[in-house]
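Given next, in structure tokens, is a single chain: the form predicted alone.
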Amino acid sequence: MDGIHDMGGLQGFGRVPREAEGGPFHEAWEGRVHGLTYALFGQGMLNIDAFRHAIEKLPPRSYLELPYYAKWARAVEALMVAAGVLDPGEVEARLAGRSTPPTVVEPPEGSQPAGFLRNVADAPRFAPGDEVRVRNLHPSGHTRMPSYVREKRGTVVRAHGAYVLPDTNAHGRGECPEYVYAVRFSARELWGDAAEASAPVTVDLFDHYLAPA
């Protein structure tokens, strides 16, 4: 889906602050949010693609202003409410000191294949050296295709294998694995003559995002 999260190639947002070296977390609560999120992934109670989409659906101002792990917390809360693990407003009630009985939810039954790499019967459509064009797709839901590569031409430099398709997995429509290709674009193909002439940009793209050039 198009939104403020898809910022690749955009300008006008100021300098990127560079922090002094240190730990991964600024405050203790960030580490707890990180641990909670990965615990839910490990229990099969959280889908990484749905999680990413929940962050994308934050209001634009919240997306720009919230700290990184606050976005994680908002996304996890929204997904746990949707799953019936939390009641609407339960987090705010607990923060205000109005305790509620904890909800006990068992992890989903059955094991899922580890990781996201899958075996598929068909051979890859493209091979290194093939010229491709990115399709002009505007899905209403989650996608891993950045908008700045739409309708651009590039060259396949590697076929990675077949992986779970985030576009369907985020919405409970199945894994639908597809091959992923590393596609190299010239910076000027993406951003015009203002870009460096010799700078390449390589983007990993799922099979259905691409067409022969």
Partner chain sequence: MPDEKPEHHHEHSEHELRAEALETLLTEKGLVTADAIDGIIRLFEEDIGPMNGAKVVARAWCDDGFRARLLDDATAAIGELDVTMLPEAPIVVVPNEPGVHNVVVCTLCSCYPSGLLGISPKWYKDPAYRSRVVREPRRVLSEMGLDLAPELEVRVWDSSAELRYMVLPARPEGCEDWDEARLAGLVTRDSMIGTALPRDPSEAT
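None of the values given here were measured: they were computed from a predicted structure. Numbering follows the first chain given and starts at 1.
What comes next is about the form predicted together with its partner chain, which is not displayed.
A.B. asks: Would residue 132 count as touching its partner chain in the predicted bound form under a 4.5 Å heavy atom rule?
C.D. replies: Judged by the heavy-atom cut-off of 4.5 Å, residue 132 is well away from its partner chain in the predicted bound form.
A.B. asks: Taking the shortest heavy atom distance, is residue 54 within 4.5 Å of its partner chain in the predicted bound form?
C.D. replies: Looking in the predicted bound form, residue contacts with its partner chain do not include residue 54, since no heavy atom lies within 4.5 Å.
A.B. asks: Against its partner chain in the predicted bound form, would residue 7 count as a contact residue? Criterion: heavy atoms within 4.5 Å.
C.D. replies: Taking the distances in the predicted bound form, the answer for residue 7 is yes, it comes within 4.5 Å of its partner chain.
A.B. asks: With the partner left out of view, is residue 95 within 4.5 angstroms of its partner chain in the predicted bound form by any non-hydrogen atom?
C.D. replies: Yes, contact at 4.5 Å.
A.B. asks: Using heavy atoms and a 4.5 Å cut-off, decide whether 61, 175 and 210 all contact its partner chain in the predicted bound form.
C.D. replies: No, none of 61, 175 and 210 comes within 4.5 Å of its partner chain in the predicted bound form.
A.B. asks: Hey, which residues along 176 to 206 are within 4.5 angstroms of its partner chain in the predicted bound form, non-hydrogen atoms only?
C.D. replies: Heavy-atom contacts within 4.5 Å come from 180, 182, 184, 191, 196, 197, 198, 199, 200, 201, 202, 203, 204, 206.
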